[in-house]
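Encoded as structure tokens, the following chain is the form predicted on its own, with no partner shown.
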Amino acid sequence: MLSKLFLYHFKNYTEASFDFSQPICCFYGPNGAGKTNILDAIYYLSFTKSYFSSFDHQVIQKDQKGMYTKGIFDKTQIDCIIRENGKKEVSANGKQYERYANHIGKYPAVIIAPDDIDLINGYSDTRRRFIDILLCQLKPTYLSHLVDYNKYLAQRNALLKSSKSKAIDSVVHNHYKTELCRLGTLIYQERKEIIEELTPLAQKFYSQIANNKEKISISYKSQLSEGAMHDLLDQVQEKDFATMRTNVGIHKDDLQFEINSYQAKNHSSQGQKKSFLFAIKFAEFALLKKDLGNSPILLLDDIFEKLDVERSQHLVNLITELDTQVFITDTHKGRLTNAFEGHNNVQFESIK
């Protein structure tokens, strides 16, 4: 459980501290007050990076050169610092991590934010990112496999682009190709297995949120399901040289979401899509809890928008049954107090 949070020059916060005494904490206040930034700071302590900002310098308060955020998880103090020279340091009880990857998965978190609807509506890279974030927390080797795959992919693409001006180095090319196939096959298998585990859990959670009104399915789409990656690369080699990029691999993977056998992206209401999103994220939560042995922190940003009363109440019931620490934001205090009426383990914090 996160009991204390301290922010210094983090986004819009010059200096702020929060004490958490209840498993559910609700932040309320107007748009732009900084509610979402609190969730992002907690996420940063879990992942050593922001969920909402692509680059570290974007979490530093305007006109400042560094930032510091601290969290107390039970008896462990996690510090994340970006110094004035741009150097980032992450430590646990004063002991600095040599690699950020060694921290991932120790304090797991699952976040649901308004823009996450892109998981349903958006492009394939958003859905791949979702799978990758989940697997990076579950499997320490997955992140290194993914980093190496992307490195060899970039190197092979650079080699293909240079092939028009000079003869390609076949030894180097074969090396890149061999490593892409080895790493791609490992990643494919891990993604395939995790989606097989995720799907029935998502179906269960969706039934709870939607009160069994619809049936959902999740399909993993990968070119590697059609054959070995090495053979597939051989088949498209001429196309690769013509287009100067790698046309086969796990970087083309996607997920397909369906409600009652129709693609959710094109044939579902906003409420159905949001319910599907919640179901996927709660399934992620359940997998992390099962495999890591402790409950992830749940970060819920403005979750009640575009949900009808019935689905909202089912969602609240689900949240209160999860036996974990939950942080929720909303612009309306009344909506939060009504949602959690009768629950004594909730604290409310005004953010102005």
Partner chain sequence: MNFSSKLITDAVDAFSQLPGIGKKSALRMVLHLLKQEENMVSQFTNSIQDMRMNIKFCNECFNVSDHDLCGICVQSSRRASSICLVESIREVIAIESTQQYNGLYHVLGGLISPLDGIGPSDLRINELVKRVEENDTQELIVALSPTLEGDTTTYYISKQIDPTIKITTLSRGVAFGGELEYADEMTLAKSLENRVPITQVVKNDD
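For the two forms, the rigid core is made up of the largest set of C-alpha atoms that agree within 1.5 Å on superposition. Residue numbers count along the first chain shown, from 1. For clarity, every value in this text was computed on a predicted model and none was experimentally measured.
Just so you know, the form predicted in complex with its partner chain exists too; it's not on screen, but the next bit is about it.
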Select, from the options 247-255, 203-211, 173-181, 109-117, the stretch whose residues sit within 4.5 angstroms of its partner chain in the predicted bound form by heavy atom distance. 173-181
With the partner absent here, would 99, 140 and 151 each sit within 4.5 Å of its partner chain in the predicted bound form, counting heavy atoms only? yes
To verify the annotation, which of these, 77, 155, 222, 185, has a non-hydrogen atom within 4.5 Å of its partner chain in the predicted bound form? 155
What is the one choice in 135, 81, 159, 195 with a heavy atom within 4.5 Å of its partner chain in the predicted bound form? 159
Taking the shortest heavy atom distance, is residue 169 within 4.5 Å of its partner chain in the predicted bound form? yes
Looking at the partner-bound form in the predicted bound form, is residue 260 within 4.5 Å of its partner chain by any heavy atom? no
Evaluate residue 144 for contact with its partner chain in the predicted bound form, applying a 4.5 angstroms cut-off between non-hydrogen atoms, and reply yes or no. yes
Using a rigid core alignment, state whether the CA of residue 137 is displaced by 2 Å or more between the shown form and the other one. yes
Establish whether a shift of 2 Å or more occurs at the C-alpha of residue 156 between the shown form and the other one, with the two forms superposed on the rigid core. yes
Superposing on the rigid core, is the Cα displacement of residue 117 between the shown form and the other one 2 Å or more? no
